[in-house]
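Here we start with a single chain on its own, the form predicted alone, put down as C-alpha cells.
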Amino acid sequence: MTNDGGKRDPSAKRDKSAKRGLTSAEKVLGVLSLFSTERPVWSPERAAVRMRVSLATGYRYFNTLVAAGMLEKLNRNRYVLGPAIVELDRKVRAADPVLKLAQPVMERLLRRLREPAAILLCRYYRQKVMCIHQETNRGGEPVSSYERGTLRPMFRGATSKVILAYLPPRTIVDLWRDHRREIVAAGMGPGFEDFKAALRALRREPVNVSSSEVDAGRTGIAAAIFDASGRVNGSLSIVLLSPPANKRAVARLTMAVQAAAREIERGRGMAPTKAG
C-alpha cells in the first residue's frame, strides 16, 4: 500500500496484521499481557470484555492458563499470575548468555565507583526497554527504581536513549507512528525529521549522559551494547544518586561504562563496531 506521494504507508503492515487475525494460542497468551503492576488481578469477565470475546471463551482461556500454572485463582473470580511465571524467569536467568557475561563485569564496575550507584543492564524488545539485571552498592534508599522486569521510559533517560539512537530505520518509523505524542513530550522534536535529527545527535556521542529525566536528582551514564552484526542489543548504564562532582568525574565514568560495554561484547564474540 502506498500514499499519494508513492511512498509505502507505514500503517500498511499494521493493517495487514490486524486483518490476519490472531491464532488461538496468541489469544490465550494475550491474557497474560493484561496483567500489570497497576492491575495485577483480573477476572475472566473483565478479560473477556477487554479482549472482545464471549464469556465462555474468556473462562476457557483462564482455565487453560491455570492448568499450565501461568495463572492462579485467589478467590471467586479473581486471578493473578501463577508460579509457572517464576519458574520460567529462573530458567531465563540461567540460560541468558548476555546476563552471564555481564554480571561479573557489572560487579567489577560497581567496585570501582566511590559514590552511591546502581549498574543496570537493559534490553530492547517490542518498542520497550526493560531492565534485566541491577547491581547496587547502596542499601536502604534505592539509587534506581528499575529492577529486573521493570520497563523504562522509551524516550527519556540515558539508558533508553542510547538504545533508541541505534534502532533500525524501519523501527524508528514505527515508533514515531505509535508514540508520536510521547516523543514530542520528551523534547525530541515536533516532527519526524526533527526526531531523526535528535537521534543523529545522540549517535555522535558514544555514551549518553542525562540528569533527572527519569528519577529526580539521578544521573544516568549509558553505553549501547551491540551484537555481532552491529545491531543494538541493549545498554549498560551507571545511575548515580547524586550528580558527578565535575566534568572530570563525568569523563571518568563515561570511559568506565564504555569499556565495560565493550568487554561484554568481546566476551560473547560481538562486534565492537556499531552500525550507522
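Remember, it's a predicted structure, so these values are computed and weren't measured experimentally. Don't overthink the numbering: it's just position in the shown sequence, from 1.
The discussion below concerns the form predicted in complex with the DNA, not included here.
The stretch that touches the DNA in the predicted bound form, counting heavy atoms within 4.5 Å, is 51 to 59, out of 51 to 59, 207 to 215, 232 to 240, 32 to 40. Proximity to the DNA in the predicted bound form, taken as a non-hydrogen atom within 4.5 angstroms, holds for one residue of K128, R111, K100, K73, which is K73.
A heavy atom within 4.5 Å of the DNA in the predicted bound form is found for exactly one of Y166, Y79, Y124, Y146: Y79. A residue is said to contact a partner when one of its heavy atoms sits within 4.5 Å of a partner heavy atom; N246 fails this definition for the DNA in the predicted bound form, lying far away. Although the partner is absent from this view, R46 stays clear of the DNA in the predicted bound form, with no non-hydrogen atom inside 4.5 angstroms.
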